[in-house]
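Take a look at this single chain, the form predicted on its own, given in structure tokens.
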């Protein structure tokens, strides 16, 4: 899909969702949700109400989460606030993850199924489902033969709020491509008698006590369809990029891999060792990712009123696949930081010694003079390598390595002038 970062602004021929229509429905229905508290037609007052409700929900999320009713989206006020702040950004988070090269390969295989079963766990207004279907359309656009067999999407939404699911169902049915039948059923628990090619769990593990994370994961894993050896099934977990939630997700990742699950971790990690940014490493940084997103104008208008920023999306995630053939993440490393200026502050001589004594052999010989220059004027990007080692890639300045953003896959160490072991 061209201009994928603007998926909401134009519909491509391969799109499975009319995204401009979706954004229009979202905007109009949001205003309708609060209009009864205002004079008809007073859009300005409706926007103010949405802003006030969003601020209230945001404060509850971040300062008094335990006091928030677990069924908060059944309240029209909380639902309108959630839709204002999280619906579009959460679509983009899932869409972005599922359009990474490793994930697109799996989605292209799923296009060959006539009926695709999706489990959206903690579905809310089905943001992850929308993100998945949009990504599926992008996979179709990149499939050489551009052939698709899907004629039905069967979606089980595990969600307390009937209002949230029914509103999302209305939008999806009105925006889905012709020829695709939508069947959405809301449940309050994962059905034990059904299997799914796609399992999505976004922003829900942080609402579950950590001691139950592994048990919850195993329940979701059990829901994956595994008897089809030709088509992979995928399981995506997305969590906020905040430290506590990201660290909990890393702990879950390491537990899963230690139990030798038959699921394969395909992203974001290029390795299956314990995470070098895990809690046991006692490092101040953690594993999270960033997506720069040009949000729709109405989202920007809402954000201006609430002082929230949805143009720089932070998140952490795990993407698993179950298939007969072993799938590998071919990345040499994944960026786990943005470029960090080394700077001209005091201590660059010690840094020069450190660089020289801890440089790695992946890159050809570099002179001591050049190392000294990089220690004074360089920038480093932290890398998690295919062997599970945390290293730093050093380049000159901060402009040249801007192409190396947090979450980018690196094909080889030669993209950096110097590689050193990270402290």
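These figures come from a predicted structure and were not determined experimentally. Numbering follows the first chain given and starts at 1.
Omitted from view is the form predicted together with a small molecule, to which the following refers.
Undergrad: Can you work out whether residue 207 and the small molecule are in contact in the predicted complex, taking contact to mean some heavy atom pair no more than 4.5 Å apart?
TA: Yes, residue 207 sits close enough to the small molecule in the predicted complex that at least one of its heavy atoms falls within 4.5 Å.
Undergrad: Please run the contact check for residue 92 against the small molecule in the predicted complex: heavy atoms, 4.5 angstroms, yes or no?
TA: Residue 92 lies outside the contact set for the small molecule.
Undergrad: Is residue 122 part of the interface with the small molecule in the predicted complex - any heavy atom within 4.5 Å?
TA: Heavy-atom contact with the small molecule at 4.5 Å: present for residue 122.
Undergrad: Please tell me whether any heavy atom belonging to residue 160 falls inside 4.5 Å of a heavy atom of the small molecule, as the geometry stands in the predicted complex.
TA: Result yes; residue 160 sits at the interface with the small molecule in the predicted complex.
Undergrad: Quick check on this chain: which one of 316, 203, 99, 117 has a heavy atom within 4.5 Å of the small molecule in the predicted complex?
TA: Only one listed residue qualifies here, and that residue is 203.
Undergrad: Please identify the residue among 72, 298, 286, 332 with any heavy atom within 4.5 Å of the small molecule in the predicted complex.
TA: None of the others qualify; the residue that does is 72.
Undergrad: Would you mind picking out the stretch of 152-160, 348-356, 130-138, 175-183 that comes within 4.5 angstroms of the small molecule in the predicted complex, counting non-hydrogen atoms?
TA: That would be 152-160.
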